[in-house]
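A lone chain, given as structure tokens: the form predicted alone.
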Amino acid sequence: MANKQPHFVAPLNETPLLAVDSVTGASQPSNLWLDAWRDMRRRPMFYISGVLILLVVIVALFPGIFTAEPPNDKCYLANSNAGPIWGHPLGFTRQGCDVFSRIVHGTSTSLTVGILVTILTMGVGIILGAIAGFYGKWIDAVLSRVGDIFFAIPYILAAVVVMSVFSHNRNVIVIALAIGVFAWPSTARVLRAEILRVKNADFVMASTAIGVSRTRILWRHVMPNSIAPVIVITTMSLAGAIVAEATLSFLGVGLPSTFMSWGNDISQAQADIRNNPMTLIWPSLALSITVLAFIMMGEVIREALDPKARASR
């Protein structure tokens, strides 16, 4: 019977297997979106902008919670340019209307225009940018030249022309279309560039090799990996759309004066900038805070979705 060789086993506390297993078991699954969410939760700017945006949305949806005063029905010339009193914390306009009530009711108009413009620019920009970047060749050439034509036209100037043509039919839908129809090329350009980068990845070639259709590859595989920059630019474009609506209303070619709009309030208050500047400052401040909140949120999302920016902090 052959002699057995001695068999030595290292003590358990001297082997690294236990430590490796514990690290592996404690690790959490990770991807781009999960890493971005973890990064955003650690940033105070995310909570500040989130609270401001939530407040704006609540004011737009439920103005009656914040004021019971109608914005136009109770305007008395006896209160013309009067200062703050009980129940009217921001004073009165030249026509004797409550400034606070007009700002509260104007929130829904500005936010609605911004959301409609964002939906329109996202829809057109994503479809045209995705098709141009993925299929390439003559399709890319044609769609890119169309985008260049629209990109060369300042959308504020184009919206002024459109609103002047439809001067008798000015409403929220018309002004949103006037802005959105000329504001989509930036979204299409960003998405096209990202798809050109992603479509050469190994998983796209693997999907092609097993016979997956090109349309399915585009919308099920390429788009989810290319949409991150579009989300960032969309958040910031919503702020731009709110500013565009206020600009058009301030110039007198936007919404009629019967609509509650921050742009209309700023336009009407400019005549009283010396006598009662607060009627100009308050709607301007509401506009600035809202736009700043969306820009801050867009900046937070941009840095969270960028691995290099996360690593540099």
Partner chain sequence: MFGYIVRRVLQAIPVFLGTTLLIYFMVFAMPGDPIVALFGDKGVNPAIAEHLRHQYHLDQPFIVQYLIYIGGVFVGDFGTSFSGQPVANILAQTFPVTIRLAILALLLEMIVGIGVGLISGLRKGKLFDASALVVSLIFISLPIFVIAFVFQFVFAIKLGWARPTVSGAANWGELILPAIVLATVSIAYIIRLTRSSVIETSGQDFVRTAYSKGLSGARVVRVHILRNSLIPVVTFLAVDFGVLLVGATVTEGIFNVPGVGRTLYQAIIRGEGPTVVSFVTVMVLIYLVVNLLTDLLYAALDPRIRYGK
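Positions refer to the first chain, counted from 1. Everything numeric in this text was worked out from a predicted model, so none of it was measured.
Just so it is clear, the following notes concern the form predicted together with the partner chain, a form of the same protein that is not shown.
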> When the partner chain is placed as it is in the model of the complex, which of 209 to 217, 162 to 170, 223 to 231, 122 to 130 ends up with heavy atoms within 4.5 Å of it?
Replying inline: 162 to 170
> Considering I53, A60, M40, L251, which brings a non-hydrogen atom within 4.5 Å of the partner chain in the model of the complex?
Replying inline: L251
> Out of P277, G64, P44, P256, which one falls within 4.5 Å of the partner chain in the model of the complex, going by heavy atoms?
Replying inline: P277
> For M205, is any heavy atom within 4.5 Å of the partner chain in the model of the complex, or not?
Replying inline: no
> Do L116 and the partner chain share at least one heavy atom pair within 4.5 Å in the model of the complex?
Replying inline: no
> Is there a heavy atom of V243 lying 4.5 Å or less from a heavy atom of the partner chain in the model of the complex?
Replying inline: yes
> Does the partner chain come within 4.5 Å of any heavy atom of A152 in the model of the complex?
Replying inline: yes
> Taking the partner chain in the model of the complex, which residues along 186 to 223 bring a heavy atom to within 4.5 Å of it?
Replying inline: R189
